[in-house]
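Given as structure tokens, the chain that follows is alone and in the form predicted alone.
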């Protein structure tokens, strides 16, 4: 049913594009060749972390009726080498990134229907109220950072009455994260008590009830002086399979409600970002089920500024606090490691532009003093011409414990290189 919905959007867009005098039909895109190798030996994965050729085609057409956009990737993937197309998880030779139509029935109302990339919140690679799907395989294996955001099949209503901006997103069928399942990157499997990969690919429950397993997200925004204030609300499910069904022996997606707020604006020559959120775990509000995540409080503070010309720096502090922690500890099965009550994360980003801004040097690091682990992502990109870009980078994970958030990926350390031709 979900693929049928996407197909209908593609056919509808194509029908409009073919039936209307467009005055020109321009297709843009790129060809990206990218390869990566592990720096650690991993018995559960291939030595190549990445090996793909990607052709992206994009068109955005403006008509009197509305705006129609399509973005599709054709992929040769030498690591997974699968002909099976899974548009939800981005697997196979085709990944449909966008297929949507934008209409404005009123001057103050925009409606976008179809497959689209959605994002909000103020965090830099840290997400509290942005509960739209992410692709962690893409980030950790060395794809362009744009691929961290996965597409949603949704209806977006944006209303601008003047005193506040209102965004309402309805997703008729739950769009989960493109989570790390073991087919490309190894992970910690708590049921096996060890790292696992291709030998134990995680296959969680599938929520497939259209308009029953749906999601609703709301954002209200307005400017207060030079600061943007936003409040958020979400009803849906945990985006990663955080729960577990011991009877079916498989991971699952428990129900979730989230509410939060953010503030962003200029301060002391830089930009200050604040965000908070409350995760209401509807299936375990009292914290008595060890196989369902407890409710959480999440907080983020960030600051970025230009240190000198073409040198930008940013720092963030993030914490998530588990509620009903004592109940969680008391119900934990024997032999299972307990999580900390509070998880702290610090991030640091440094970006330097050189050679007339054609050379970009970037360093991004996550460090968790509570988990005793870290993730480091250095990248280098050089724009050789207006059309050609070459790059290289690395994904480095370190951790004291094999089951911590970043420590579990230590065997996935990799280096990669890329060449891209834009047209």
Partner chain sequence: MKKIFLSTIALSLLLISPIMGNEEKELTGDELMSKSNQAFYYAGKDGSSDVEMTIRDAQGGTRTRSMTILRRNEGENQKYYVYFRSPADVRRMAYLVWKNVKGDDDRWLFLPALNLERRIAPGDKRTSFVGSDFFYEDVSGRNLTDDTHELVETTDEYYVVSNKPKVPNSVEFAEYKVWLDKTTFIPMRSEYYDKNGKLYRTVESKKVEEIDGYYTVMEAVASDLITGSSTVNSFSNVRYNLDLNANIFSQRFLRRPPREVTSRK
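Residue numbers count along the first chain shown, from 1. Since we're looking at a predicted model, the values are computed, not measured.
What comes next is about the form predicted in complex with the partner chain, which does not appear here.
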{"property": "Option touching the partner chain, based on a heavy atom within 4.5 Å in the predicted bound form, out of 274, 216, 109, 166", "result": "109"}
{"property": "Contacting member of 81, 209, 203, 146, with respect to the partner chain in the predicted bound form [4.5 Å, heavy atom]", "result": "146"}
{"property": "4.5 Å heavy atom contact, residue 226 to the partner chain in the predicted bound form", "result": "yes"}
{"property": "Distance check, residue 233 to the partner chain in the predicted bound form, heavy atom within 4.5 Å", "result": "no"}
{"property": "Proximity of residue 248 to the partner chain in the predicted bound form, heavy atoms at 4.5 Å", "result": "no"}
{"property": "The partner chain contact at residue 46 in the predicted bound form, heavy atom, 4.5 Å", "result": "no"}
{"property": "Stretch from 293-301, 115-123, 332-340, 193-201 whose residues place a heavy atom within 4.5 Å of the partner chain in the predicted bound form", "result": "115-123"}
{"property": "Any residue of 404-423 that, in the predicted bound form, places a heavy atom within 4.5 Å of the partner chain", "result": "422, 423"}
